[in-house]
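Take a look at this one chain, the form predicted alone, written out in C-alpha cells.
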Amino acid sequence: MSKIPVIIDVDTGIDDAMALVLALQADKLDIRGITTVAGNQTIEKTTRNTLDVVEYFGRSEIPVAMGAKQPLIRPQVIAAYAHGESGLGTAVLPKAEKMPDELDAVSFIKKVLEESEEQITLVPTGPLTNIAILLKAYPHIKNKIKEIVLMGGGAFGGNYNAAAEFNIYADPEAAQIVFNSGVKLVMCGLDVTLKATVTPEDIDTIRAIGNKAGDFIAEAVEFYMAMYKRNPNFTGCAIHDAVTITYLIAPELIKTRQGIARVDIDGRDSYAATICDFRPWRDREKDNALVCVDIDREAFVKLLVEACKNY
C-alpha cells in the first residue's frame, strides 16, 4: 500500500506532541514537512517545541517551517493555562540543533504542493492561520490538496467558551476561509476528541514502557491531566490532536457523519462556533465536511502505547 503524503501544521503543545509521536513512526504516512503556527504558545515556543520533538524522535530529516505568529484579525490568545509556560508542561527535551526551514510556512507548503506529482493531505492541529493565508494567496493550489484533516470545532459546543473550541476561537476568520474554501474537510472536533482520553492508569502504562517516548509522554501528559482534574466530570484527559493522525492511519476506530460545517464570525455569544448541519433535508450538494463524532477509546489508547514502544 502506498503511503499517504501529508504536511502537518502544528502549534506544538502537549497533544500536538503526542500527535507527532504517533505520526513520526507511522508506516502509512509520508511526512513531506511540518509547519508551525502560534496557538498553544507563541510561535517561537511552538516552533522550538516542534524542532525539539522531531529531532528527539529521530526524524530530523523532516523540514520544519515557521508560520504565522498571530491571527489574521483578532487579538491573540494562547493556551498556557493548559500547556504550561514552555508549551510542553513540565517535560523537558534536549534543544535541537535543527533549525527552521529558510521558507516561511505558507511558502513552504506552496512549494511542496506545487512540486508534488500527487495530491497531499494537510493536517492542521492548531489555529488555521497558515492554511487560510495559503488558500487566499494561492487559490490555484487547491487542486493539489487531497483533503484537510483538522483538529478544531465542535458540532455540539465548545471548550474555550460555551460555543467555541479553542483552535477555531484563536483565529475564527482564518477558520471561516478554510471551511468555505471548497477543499474537502475532515473535522476532528470536540465531539470525538473529548472521547479520545487517557486515564492515569494509561499514563502508568505508557511510563512503564521505559523508553524515551514513554518517559516524555508520561511527563507531559501528567501536567495536562492536572488541568482536567479540576473538573470532576473528567476521569482522564483528552489527546485532541492525535485524533487527526488516528483518522489517517486507523480510520476504522472513528465514526463520522457527513454534513455542512460553517464558522460563525458574526454572532456575539456564538462567535467562532462551528455550526454543523446534519438535517436529513439539508441541501446535500452543500456538504463540505466529514465530521468525526465517536472513537474506540481503548483501541486509541492501544495505538498510542504501541507508537511509544516503537521508539
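From 1 onward, residues are counted along the sequence shown. Worth saying up front: this structure is predicted, and the values here are computed from it rather than measured.
Beyond what is shown, the protein has a form predicted together with ligand BDR; the following relates to that form.
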* Stretch from 128-136, 93-101, 198-206, 163-171 whose residues place a heavy atom within 4.5 Å of ligand BDR in the predicted complex -> 163-171
* Structure fact -> In this chain shown alone, the residue from 86, 121, 159, 181 with a heavy atom within 4.5 Å of ligand BDR in the predicted complex is 159
* Are any of the heavy atoms in residue 274 no more than 4.5 Å from a heavy atom of ligand BDR in the predicted complex? -> no
* Any chance residue 151 has a heavy atom within 4.5 Å of ligand BDR in the predicted complex? -> yes
* residue 36 near ligand BDR in the predicted complex, any heavy atom under 4.5 Å? -> no
* Which residues from 12-29 come close to ligand BDR in the predicted complex, meaning a heavy atom within 4.5 Å? -> 15, 16
